[in-house]
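Just one chain is shown here, as structure tokens, and it is the form predicted alone.
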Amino acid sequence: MKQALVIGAGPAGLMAAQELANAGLKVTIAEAKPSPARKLLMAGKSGLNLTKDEPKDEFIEAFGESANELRPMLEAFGPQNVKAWANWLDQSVFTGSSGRVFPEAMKASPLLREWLKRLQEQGVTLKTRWKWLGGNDFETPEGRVEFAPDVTVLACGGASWSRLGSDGKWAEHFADSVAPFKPANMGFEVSWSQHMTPHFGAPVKAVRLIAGEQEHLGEFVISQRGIEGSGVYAMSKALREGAELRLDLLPKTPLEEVEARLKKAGKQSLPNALKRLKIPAAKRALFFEFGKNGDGSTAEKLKNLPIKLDRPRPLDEAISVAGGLRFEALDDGLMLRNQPGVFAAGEMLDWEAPTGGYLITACLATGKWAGQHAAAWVNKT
């Protein structure tokens, strides 16, 4: 029986192992950490968002510059397939009002336990604390080990959340084939004045974020270090690339109406006038932090408030990353062109996904694609 090796036991690696086992190969998974899928389990602590139930083309286009490369994989294993796969693992799912799909248990642990059980029943062997050193070499609890399979799928993760196993150190083995890592879906640092201290931890809801030509209606949180949360993550790529962040603090109220309401406030102080407009304290604080100076009327600033960002949060704190193995270094089956028999999948590929279920779906889809093509390749040799 031919042997397959999968390096990395996250969603992409486990899915690749599943496909290789389905094809009749003897599969070993090598995982550097003491247990598998740690990042998946961490993501599931706040509700495991598996995918997003929306039209296939709309779903794929959310991947932006990588949409064309990912299209074949996402067409083969998209949102509806993810839902069916979760049901196959005895995990019923539901779709929220935003289209986001979650297991009814909300957590990742029941799904992962069942998945590992199914893989074990297929004869898949999981080796933990096996750190890949490049080539066929591993550092293990028993010392240095050489493992030379007939085919390999790399699913080593990106370069964020290193404590959970994704440290990006694998990139040193593929120097010319790797696009530089950049943080994605991350918060941004802001140098706050002292008057913002009482608002640390406060949510800013129902706000329109504007960065260049991109707009997003959502919310975020003011933290001691800056701003973070889903609304900020949705704009993170544009902001990372230098777009200025502006906020419409009253997105449901036209400018003319804001002006009229302020005029009715008459000679009241500006703080009292803003209270009269029923603007929440956190939004008022942001206005006084960034809107005291500069051009424009009070109403114009409430509708288009510039926010001065210092820098993105560090790469290791990002939810995900951009950068990784370039698609031009891979063939259509995700095999490295200069390393026959070595395939790659998941976050180690050079793509960037927004939050909302896109990330996990693409990891599963690329893992399945790489596993299927790896099995087809080795069975031909």
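Treat the numbers as computed from the prediction; the structure is a model and nothing was measured. Counting begins at 1, following the sequence as shown.
This protein has a second form, the form predicted together with a small molecule, left out of what is shown; the following refers to that one.
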| property | result |
| --- | --- |
| Distance check, residue 70 to the small molecule in the model of the complex, heavy atom within 4.5 Å | no |
| Partner contact for residue 334 in the model of the complex: the small molecule, 4.5 angstroms, heavy atom | no |
| Contact test in the model of the complex: residue 155 vs the small molecule, heavy atoms, 4.5 Å | yes |
| The small molecule contact in the model of the complex: residue 30, any heavy atom under 4.5 Å | yes |
| Candidate site 60, 99 and 236: all three near the small molecule in the model of the complex by heavy atom within 4.5 Å | no |
| Contact stretch among 142 to 150, 222 to 230, 160 to 168, 248 to 256 - heavy atom within 4.5 Å of the small molecule in the model of the complex | 160 to 168 |
| Sole residue of 342, 319, 353, 330 within 4.5 Å of the small molecule in the model of the complex, by heavy atom | 319 |
